[in-house]
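Just one chain follows, in the form predicted alone, and it is written as structure tokens.
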């Protein structure tokens, strides 16, 4: 296998995070009853005409800017003609001739080294309906039909499965934090097609290109590429022809299976979409779209480590979820203990989220309540161990402030000197003989008294204040 060079190009279909579809007013949402989020345009009823979703164009511009692309401000659409049951019109509205973005790049990290991946184009189009195969029947859900997509196409510059996976992971992070898409591969809002060729090192001719469609996880991308490279290598070594075709990945056998021979682009007979006139975007509006783009994860990562002093590992864990990142940033507006916020998020709270398989925005917990709890610890109003009691409560109920919960549970730490003195004096008086050991074993004496103090107060004495007063009273007694 080492005698062959691997050439990989990737196409990603990314569903845009819009409220309505790209060319109709039908709502966009996942998991609804089939064929309920459709209208006459999605179903291609005679006389229905497409209208452009402005938000969809804004999201495409955000993506183009983040990927360092040249943006074409003259927006034009074309028809890609083909017959398929998931395409009621018999054609798909796309941007074949004038993609909104071209000539971009994305930096990925491979084993500690940066690699620049060339991106050929980004174009807008509409999604097709979803086919569901059961037994010998095929059902079609048109809820997805017409949802806005951007297709992002790399040049064939990737050289291994690891590079391909790193590229898709990085692209996913960029689009997620830009809020261009929710990029959920398991729900189909990010779908990956991989094109693979091989050639003997030192030669110029590639083998025929094989496309693997709709890979729905990073691990499946890696497995599919590794299988396909091995399959093509065996064919080439046996002097057999590698057929240009489209294949799918079967995750039960970890192998690729032929779907159909690959059509050339000319077979689609593209022509201009006559129902959508070219639109010249205002450059000021384009600039505003770029200026108002959300902060990228890479910028947050630098801020988290340099300004908030989090470890690289903690910063990366928080940045795996945009909801977690937003929660963190809101919480630190109300406390300066950034490290403590991060520690609780990635330990106790993450464990709860994992057990319930939910994101943090589904908890009742608010960033203000978490910050309030941490501030109460820092101000010695409660102890660190009390957070183990309070946190499960505020994760399920946001109706009370943390201090109200502390007072209801009577777990407020006692720090008042007079109050502690009044509590310690009787303990000392009942342990007079113990004080005789103080000169030889001071720690034994003070810890014994501290233990009794904690017992009578239910552990609610401020340990530092309590110990200072114990030492002071014991030493005054021995004078």
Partner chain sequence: MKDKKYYEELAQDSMLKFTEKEIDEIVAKQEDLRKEFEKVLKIDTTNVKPLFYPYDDIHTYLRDDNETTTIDQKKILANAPTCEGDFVTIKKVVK
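Just so it is clear, the model here is predicted, and its values are computed rather than measured. Numbering follows the first chain given and starts at 1.
Only in words, not in the display: the form predicted in complex with its partner chain, which the text now covers.
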Its partner chain in the predicted bound form has a heavy atom of only one listed residue within 4.5 Å, and of 437, 35, 430, 48 that residue is 35
Only one of 442, 451, 426, 27 comes within 4.5 Å of its partner chain in the predicted bound form by heavy atoms, so just point that one out. 27
Wondering, does residue 273 line up within 4.5 Å of its partner chain in the predicted bound form on heavy atoms? yes
Quick one: is residue 132 in contact with its partner chain in the predicted bound form, heavy atoms, 4.5 Å cut-off? yes
Residue contact check: residue 201 to its partner chain in the predicted bound form, 4.5 Å heavy atom: no
Can you work out whether residue 55 and its partner chain are in contact in the predicted bound form, taking contact to mean some heavy atom pair no more than 4.5 Å apart? yes
So which of 81-89, 338-346, 179-187, 378-386 is the stretch with heavy atoms within 4.5 Å of its partner chain in the predicted bound form? 81-89
For the stretch 135-165, which residues lie within 4.5 Å of its partner chain in the predicted bound form by non-hydrogen atom distance? 135, 136, 137, 138, 139, 140, 141, 142
